[in-house]
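Starting off, we have a lone chain in the form predicted on its own, written out as structure tokens.
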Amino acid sequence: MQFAKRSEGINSSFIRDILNLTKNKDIISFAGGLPNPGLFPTDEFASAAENILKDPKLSKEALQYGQSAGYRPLIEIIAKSYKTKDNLDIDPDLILITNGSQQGLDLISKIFINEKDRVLLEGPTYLAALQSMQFYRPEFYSVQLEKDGPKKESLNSAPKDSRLFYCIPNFQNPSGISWSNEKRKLVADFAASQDILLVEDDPYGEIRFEGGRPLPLKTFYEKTVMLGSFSKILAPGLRLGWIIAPNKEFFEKLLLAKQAADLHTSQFTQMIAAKFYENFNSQAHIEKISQVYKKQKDALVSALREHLPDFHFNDIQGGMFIWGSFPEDVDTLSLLDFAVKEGVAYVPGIAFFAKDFQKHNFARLNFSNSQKEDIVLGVKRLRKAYEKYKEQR
């Protein structure tokens, strides 16, 4: 069977493959970017759903078709949040509710990327963003990272005819890096000089363990698309995210693409999320998540330093991942086979690099979905796998 050219060369998702692998309950998984299910606000959701379904007017609205742009009260909650936390005035008419921020990536790519367009990415970058954009057959250029964001030299050597720059400035997936305000200004000035679109993805920015909240790229550069998600701060099963378009023309194109894709995001789940923000203390919930994740992160950092000293990494101030490297002669894709046999899994670093800039000795470890005792045991299993890998090379 002959398929569309855009489907050629699309690699299988490491996320899907590894999640299938780790369905085995005997495997301790540092692989998927899964939130801790013990922190899902189930009682609050149950109360919100009951209030909606027992109200004749609200229940009819929740179970009926909705507006393609999204449920207006939820849109206004999002706009208000940016004003409160970042002093950003966001026009609610430029906010589009999506089925997770993953759909946002697809819609942006669909309306903005042509075949052979040059797209800038961080090196490394979010692997599902790579896969999403690959369908539109762009040419990727990786902007290399250092501790506080993109390297100036790498940014300055980027192709001058680039179309957009996709980035995750807050607790980047996979590296955990959070850009300094100086690097944000640097990137904004670069984008302005080249008249390219910035796509600022921010699913992790609320999960902060320490330090102050940095400025959004939108503060420095108007031609910025902002992506957000409720997956990490409420629950991924809601499948709720959003896009903030830079202008009305861009929004209208997104809206058409959204209508063609699925008409609208679930009205019911949008209303549940809105009720949560209306009736409960959302900030206290986010602070609880951050406190728990910090303890889990600290457990992983401590275990790695004690049991796996060949794995070099930087500590992080927030997010859900530890990113690090083994010695340069280690291939973490090959090491994964040994790890799985020992009962532990992670994501090999190669999955996070575009083809123009690849490294084989990196790995990403997630800590948010493992208890402290499992984290320690998992690192011990990884050490054993690493020792066997070295013996058999």
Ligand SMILES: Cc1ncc(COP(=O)(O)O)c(C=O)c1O
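None of these values were measured; they are calculated from a predicted model. So that there is no doubt, residue numbering starts at 1 and follows the sequence shown.
Below, we turn to the form predicted together with this ligand, even though it does not appear here.
Q: Taking the partner as it appears in the predicted bound form, which of 162-170, 257-265, 180-188, 87-95 has residues with heavy atoms within 4.5 Å of this ligand?
A: Selected stretch: 162-170.
Q: Could you spot which one of 102, 282, 131, 224 gets a heavy atom to within 4.5 Å of this ligand in the predicted bound form?
A: Looking at 102, 282, 131, 224 one by one, just 102 meets the 4.5 Å heavy-atom criterion.
Q: Ok, 110, 232, 208, 218: which has a heavy atom sitting within 4.5 Å of this ligand in the predicted bound form?
A: Among 110, 232, 208, 218, a heavy atom within 4.5 Å of this ligand in the predicted bound form occurs only for 232.
Q: Using heavy atoms and a 4.5 Å limit, would one call residue 71 a contact residue for this ligand in the predicted bound form?
A: Result no; residue 71 lies far from this ligand in the predicted bound form.
Q: So in the predicted bound form, does any heavy atom of residue 126 sit within 4.5 Å of this ligand?
A: Contact check for residue 126: yes, within 4.5 Å of this ligand in the predicted bound form.
Q: Using the partner position in the predicted bound form, report whether residue 152 sits within 4.5 Å of this ligand, counting heavy atoms only.
A: Judged by the heavy-atom cut-off of 4.5 Å, residue 152 is well away from this ligand in the predicted bound form.
Q: Is there a heavy atom of residue 213 no more than 4.5 Å from a heavy atom of this ligand in the predicted bound form?
A: Heavy-atom contact with this ligand at 4.5 Å: absent for residue 213.
Q: Heavy atom within 4.5 Å of this ligand in the predicted bound form: which residues of 198-224 meet that condition, in order?
A: Residues within 4.5 Å: 201, 203, 204.
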